[in-house]
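So this first bit is one chain, no partners, the form predicted alone, shown in structure tokens.
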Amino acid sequence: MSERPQTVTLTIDGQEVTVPVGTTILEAARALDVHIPTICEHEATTSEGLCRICVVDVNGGRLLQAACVTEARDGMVVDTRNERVERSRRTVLEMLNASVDLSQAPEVQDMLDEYGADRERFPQALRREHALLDDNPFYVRDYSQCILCWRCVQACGEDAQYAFALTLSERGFHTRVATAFDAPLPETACVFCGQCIGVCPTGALKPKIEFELEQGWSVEQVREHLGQARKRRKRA
């Protein structure tokens, strides 16, 4: 029996590259220093192809492919910035902007500018609006700024902490990050490791100290509030 090939060779934006079998198009592009934008992808979490910002044109196919999850194949011809690709990315960004508060997502704001997105394209779109959740001494959750990238759920689960305190609730437009039975975080398996905050690309998850300083609190007020919260937690 002949041995299976260990590498594949493909062409990305006119440049040929040879990579190990199993390499994604995104990884192959990075080997060439070809930039493909991403939002849901993160080095510490499992790629799921959710945001569709990383779509590329493969062999002029009918459908664009998510570069973060599509494996490179021998003979592929990939275009990362043709008109189809840019139009798709621009539309995704416009829909995100229409439904989510992106005011504290600088990387996404930069993408909106780069792709010439029309921030007023969908004026009648429903907004994802959620009440601020402030149920613990360590951080706040503002899911009005959540783009459902799953990073926090993955970091809390099998990709890092194995606490599984965070999950997804409901379906479709109403899908949201939540805890089991919507319990307050102190009543879940959360150990307040902060890894979910570290992977969040927007302001949906934020350390409470940072949040309070942004609200105009003085350093002394923040320290006093933190001390009171710790005392309450010890009594509990």
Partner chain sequence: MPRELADILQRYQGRGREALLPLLWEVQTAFGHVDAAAARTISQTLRVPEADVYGVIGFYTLFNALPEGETTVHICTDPSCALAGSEELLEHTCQALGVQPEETASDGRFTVKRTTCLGLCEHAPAALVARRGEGLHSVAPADAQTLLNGAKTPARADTLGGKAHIFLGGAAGERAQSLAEYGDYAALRRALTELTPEQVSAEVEAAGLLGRGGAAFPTGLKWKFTREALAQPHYAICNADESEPGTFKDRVLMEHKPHQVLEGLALCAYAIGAQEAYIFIRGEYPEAEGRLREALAEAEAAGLLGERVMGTDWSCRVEIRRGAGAYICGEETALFEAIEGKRGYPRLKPPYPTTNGLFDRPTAINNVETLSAVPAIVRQGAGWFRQWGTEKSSGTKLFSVSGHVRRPGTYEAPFGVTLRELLEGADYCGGVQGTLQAVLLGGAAGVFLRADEIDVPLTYEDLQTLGATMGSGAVMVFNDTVDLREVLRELARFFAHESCGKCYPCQFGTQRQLEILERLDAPLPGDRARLLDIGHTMTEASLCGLGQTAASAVLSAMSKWPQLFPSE
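What you see is a predicted model, and the numbers here were worked out from it, not measured in a lab. Numbering follows the first chain given and starts at 1.
Keep in mind the form predicted in complex with its partner chain is missing from the figure; the text below concerns it.
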Out of 26-34, 203-211, 170-178, 190-198, where are the residues with a heavy atom within 4.5 Å of its partner chain in the predicted bound form? 170-178
With heavy atoms only and a cut-off of 4.5 Å, decide whether T45 touches its partner chain in the predicted bound form. no
Consider S99 of the chain shown here, and say whether it contacts its partner chain in the predicted bound form, taking contact as heavy atoms within 4.5 Å. yes
Is S88 part of the interface with its partner chain in the predicted bound form - any heavy atom within 4.5 Å? yes
Taking its partner chain as it sits in the predicted bound form, is R84 in contact with it (heavy atom to heavy atom, 4.5 Å or less)? yes
Joint contact, A105, A155 and G216 to its partner chain in the predicted bound form, by non-hydrogen atom at 4.5 Å: no
Partner-free chain; cross-checking its partner chain in the predicted bound form, the single residue of M111, A165, M76, V140 with a heavy atom within 4.5 Å is A165
Out of 26-59, which residues reach within 4.5 Å of its partner chain in the predicted bound form, heavy atoms considered? I39, S47, E48, G49, L50, C51, R52, V55
